[in-house]
Ligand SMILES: Cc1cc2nc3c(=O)[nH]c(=O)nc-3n(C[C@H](O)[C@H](O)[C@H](O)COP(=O)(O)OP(=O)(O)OC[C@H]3O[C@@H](n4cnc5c(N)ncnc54)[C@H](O)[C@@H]3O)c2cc1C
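So this first bit is one chain, no partners, the form predicted on its own, shown in structure tokens.
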Amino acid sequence: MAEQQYFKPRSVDEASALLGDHPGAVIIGGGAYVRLGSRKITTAVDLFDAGLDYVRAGADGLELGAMATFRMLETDSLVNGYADGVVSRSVERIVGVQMRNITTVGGTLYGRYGFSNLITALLALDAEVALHRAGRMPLERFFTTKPDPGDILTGVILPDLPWRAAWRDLTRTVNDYAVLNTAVAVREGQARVVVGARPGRGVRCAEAEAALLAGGEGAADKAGRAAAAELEFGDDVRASAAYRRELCGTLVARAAREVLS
């Protein structure tokens, strides 16, 4: 990464003003993924000092600041205690501690990375995102809208709901990204089944969720088969589409059994 101008605002308002003054400016969170490339940036706006590195209990639920790192999610007691610790579990083995210390919530969501464990976990918990201009919206809707380069993602809100949740993924080596990941969450009258790293971004599986809600003998296995049949899978260097489809049924069923037990 190479930049010609570098700013480090001390508030979100100041950062927003810089984006207005410098069209084409790029927001820098932890910089974990930007650093891996050779991108040339004319103007960088670093959010490190903008007051967004928090995990806290809010009026509507658990709040994760955009600059909260994966290491914070891994170790924070509030995150560990929310929904059976599924958010912490989703990030605790990603690459290494050094990487988790610089990878941020905001950078991951704004990047919409297909391999992201965190995106899969947050979608299963009906998370909302907070944007400086646009306000709050469901995370699922955020992923269907075109990013506004002049807006700033400031955080995530996890609703104060009694989710039972489980996480499963398969990673070939300790320092790699997942071949496939899945999160399953249930509460009275609701079920969420999300599968990511297909290698596409995490998405909900409506047929699998219906199987869980129907209950009965073998509901977990039915949910696994439904997810494998419903979703699209692709090939990449980590696995074939056929392998991912087979794996999907197994991982979803295992996670479902955990939340139904």
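Note that residue numbering begins at 1 and tracks the sequence as displayed. Bear in mind the structure is a predicted one, so any value in this text is a computation, not a measurement.
One more form of this protein, predicted in complex with the ligand, exists but is not displayed; see below.
Inset, instruction - State yes or no: in the predicted complex, is some non-hydrogen atom of T108 no more than 4.5 angstroms from a non-hydrogen atom of the ligand? - result: Output for T108 is yes: heavy atoms within 4.5 Å of the ligand.
Inset, instruction - Flag V79 as yes or no: does it have a non-hydrogen atom within 4.5 angstroms of any non-hydrogen atom of the ligand in the predicted complex? - result: Contact check for V79: no, nothing within 4.5 Å of the ligand in the predicted complex.
Legend entry - M137, heavy atom within 4.5 angstroms of the ligand in the predicted complex: No, no contact at 4.5 Å.
Legend entry - 4.5 Å heavy atom contact, T103 and the ligand in the predicted complex: Close contact exists here: in the predicted complex, T103 approaches the ligand to within 4.5 Å, heavy atoms only.
Inset, instruction - Give a yes or no on whether every one of A124, L180 and G202 sits within 4.5 angstroms of the ligand in the predicted complex by heavy atom. - result: No, none of the three is in contact.
Inset, instruction - Go through L158, A165, I152, M72 and name the one with a heavy atom inside 4.5 Å of the ligand in the predicted complex. - result: Checking each option against the ligand in the predicted complex, the one that comes within 4.5 Å is I152.
Legend entry - Interface residue in the predicted complex among A229, V26, A210, A219, criterion: non-hydrogen atom within 4.5 angstroms of the ligand: After the contact test, the surviving option is V26.
Inset, instruction - Can you check 229-237, 64-72, 210-218, 188-196 and let me know which stretch has heavy atoms within 4.5 Å of the ligand in the predicted complex? - result: Result for this chain: 64-72.
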